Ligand SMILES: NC(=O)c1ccc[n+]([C@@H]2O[C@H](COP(=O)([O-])OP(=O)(O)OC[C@H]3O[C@@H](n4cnc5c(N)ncnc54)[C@H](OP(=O)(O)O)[C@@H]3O)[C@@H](O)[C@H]2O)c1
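Just the one chain here, laid out as structure tokens, in the form predicted alone.
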């Protein structure tokens, strides 16, 4: 297992991260515990969660994933073996994430205000049964931007919480020791650089990471964020490396496996946009040409990017988790690089 530094923090993380968002919805507590046991056995030291999880987000399951991790920490006594990342929800009407009374103070929205960040940190620590969080991430911006993918730009209202105020709120927890490092997620190049500028000019904590979608069908990160992050020491934590299952081939030709996320929730529209079918089919065929499974091609591609900090994998079964981890063992070749780059030129980013 390869370890890399998380930003400029000195914290060492494995280049594979265990994602947990299905625990409490598609997976039981026992299944979540089994996945953490297995990941630790395979050498993974980095787990990622969020106060909003499980997904899809709803009041009945909010916080369930953190609770499952918390009961595992208590049962196994393994807190010191894990670099734990979680997230605070950004601007949204999901008042139940934080509690209606607190959210109402900010126009009936979850916001990245000091009060709401304080409440969120306390809630996560309680559910996780720990007294510190290694990496605390802003799940999406306080700005009203289309953070989960878009093709065209339209400006947004300028009524967001200032970057320095957010960093100051987080910095108070860093000083107390309840947070070791901070990061962003679903963020833009301007957002990353604005946080860095605020940290440098105001003496506030510096972001260590960015968790954005990145995969064969969505390489938008490379167009601006890659240079920002490499030059500024910000680690990419890539989510959806398998394109929510599309890059495994399980939905090919209209297939709809029983128990799949699409069959259960039908929330995968990001990978059903015009041009997506042709692009994804090209990658599936390329995998076969090299004698690989689609999962192997997709995951190894992500791991071998020079700007990659860690690839976040998620599984709803132990068989899937084993397949995902085994995929990283193959050797990436120049021929594979040339093939996927050719497909990228022919079908650029159909699923941003």
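Numbering follows the first chain given and starts at 1. Since this is a predicted model, take the numbers as computed values, not measurements.
Below: the form predicted together with the ligand, not depicted.
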item: One stretch from 274-282, 158-166, 181-189, 117-125 that, in the predicted bound form, holds residues within 4.5 Å of the ligand by heavy atom; value: 181-189
item: Proximity of residue 199 to the ligand in the predicted bound form, heavy atoms at 4.5 Å; value: no
item: Non-hydrogen atom contact residue 9 with the ligand in the predicted bound form at 4.5 angstroms; value: no
item: Close approach of residue 301 to the ligand in the predicted bound form, 4.5 Å, heavy atom; value: no
item: Exercise: residue 21 in contact with the ligand in the predicted bound form, heavy atom 4.5 Å; value: yes
item: In the predicted bound form, the one of 287, 313, 39, 54 near the ligand [non-hydrogen atom within 4.5 angstroms]; value: 313
item: Residues of stretch 142-162 in contact with the ligand in the predicted bound form (4.5 Å, non-hydrogen atom); value: 148
